[in-house]
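In structure tokens, the next block holds one chain alone, the form predicted alone.
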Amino acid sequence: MNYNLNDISEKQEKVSSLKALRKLLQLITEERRNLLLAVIAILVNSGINLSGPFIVGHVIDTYVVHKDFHGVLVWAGILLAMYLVGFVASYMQSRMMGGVGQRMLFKLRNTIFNKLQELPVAFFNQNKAGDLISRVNNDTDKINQFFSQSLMQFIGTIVTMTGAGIFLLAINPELGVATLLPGLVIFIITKLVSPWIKKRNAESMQRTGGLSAEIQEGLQNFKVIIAFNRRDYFRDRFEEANKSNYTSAVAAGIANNIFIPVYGFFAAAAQLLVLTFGIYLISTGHFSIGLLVSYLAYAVNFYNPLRQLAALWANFQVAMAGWDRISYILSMENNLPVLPATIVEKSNVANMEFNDVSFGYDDGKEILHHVSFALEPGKTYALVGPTGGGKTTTASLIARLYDPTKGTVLLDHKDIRSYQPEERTKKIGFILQDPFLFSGTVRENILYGNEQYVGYSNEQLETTIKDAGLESILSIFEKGLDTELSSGGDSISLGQKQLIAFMRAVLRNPALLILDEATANIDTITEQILQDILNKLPETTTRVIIAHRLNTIQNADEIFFVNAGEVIRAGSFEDAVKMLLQGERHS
């Protein structure tokens, strides 16, 4: 399945947007009351603003022309009271929508993060972390800005324009049509240009995500850059990404502001039409000065919001471009579904079986071809072979980080796809060559994902660690369980990180433990300590070891040679060494 967020077909975009739109509406269902009150406040404010010009025209024709200043003062007081009510309504609307926007932003980010946790390893292999961060932070903020700042202003603008248009047509239909004609031209231009604006904003957001990814990748690997004195490489790549981001941002800025002068020109043209046609009607006795003043005010009320609408429409296009990028994530489904449980008739005592398994990644190249083998409880198995032969791929299929393209993987005589993730991870432990640690204490890291010991005190946990034979590992850390670790565990050595990962896996008491080059960064003395701990695991625990060190696999019960898509029983240790040497010569 293609999980690349930058490689989405038009059909996928359409489906994703529709599904994600429903999800967005679900996020604000609890805000219906606040939204309704905000809309009422907008309607009150717009109604007051629309009533003003008509009252002004009436006062001019009825009181100003006849020099009745008492009537002028009375209506001036009424207008002042109306505008004060409009001010309060506008303030309440802004305050409510600010809260709605922030709560929606909170829920949206939670929804995206929860969706990311549902997606498989393949998704993260195909997308850069920096781009995902940009979608969670930057793109969601664009949507929040539209909801909290622009949405009600957008609705108010539409209401004001509609009301002004109705007044223009009601006062004088012929003059109204002439006044609104430039607005029709604006509508056509907006309709034609909007897709281009949205595209420019989408490209700008993509470049921003690319820049974020470049920074994240460079800083993450800065030690390597320093070690090889390749600051110039990092600098050149950043400059290229920054220049690309700058170019796309300038293009998006031009696109977002292109409507403002266009709307301004047609607004001026409409007012000129009103003034010219209105003076003509006054000269023929079909119009009054008060009506002309009201008419000019309504023309302003129609076209000034259009100028605001130019900026609001650009904000809307930015929000929609961000929404498209988010909706791609929300529409994705995990390609590792949980299937109905099917128990296979027991043919042996194996707790893990590969039955005619084939597997390939998204590029179509098959890594494993019709592989079949069985792992029995309590035994130690070693996977050896040249680099790129398929050892880690085989281990990933055992842990169900991927599903085979053909064949079946069985765990305790059940299709591994029928296990819930929580149930499967309790049965299978996986220690990676490059373990990942979170910022926090050693205790927090070894208990990650292990609810069994969450309520334990440090003393109780230390007793459990001692019973598991892990006390010698814990003693390596100065403050024991309370030793603080920086983000990613960079404050300790790679070997120490591996030890914490080892404790984390062993304390889960898995039925099957996979060690993928788990001792590659550990000295031989510590490796022997770990080997003693492995020997103390329950007799039913199956161990799968991937290693390049020959002494690591010397005591394995059975050795499999993995190369060229095949998993072959190697026989004796000496046979495995010969096959490994031959495989390295041919690779």
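All residue numbers are counted from 1 along the displayed sequence. Quick caveat, the model's predicted, so the values are computed rather than measured.
Same protein, other form: the form predicted together with a small molecule, not shown, and the subject of what follows.
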Exercise. Just one of Phe238, Phe113, Tyr280, Tyr361 has a heavy atom within 4.5 angstroms of the small molecule in the predicted bound form, so which one?
Worked result: Tyr361
Seminar exercise, completed: Heavy atom within 4.5 Å of the small molecule in the predicted bound form, from candidates Pro386, Pro120, Pro435, Gly210, belongs to Pro386
For this session: Establish, in the predicted bound form, whether Asn125, Lys365 and Gly390 all lie within 4.5 Å of the small molecule, using non-hydrogen atoms for the distance.
Result: yes
For this session: Counting only non-hydrogen atoms, choose the one of 192-200, 392-400, 265-273, 175-183 that falls within 4.5 Å of the small molecule in the predicted bound form.
Result: 392-400
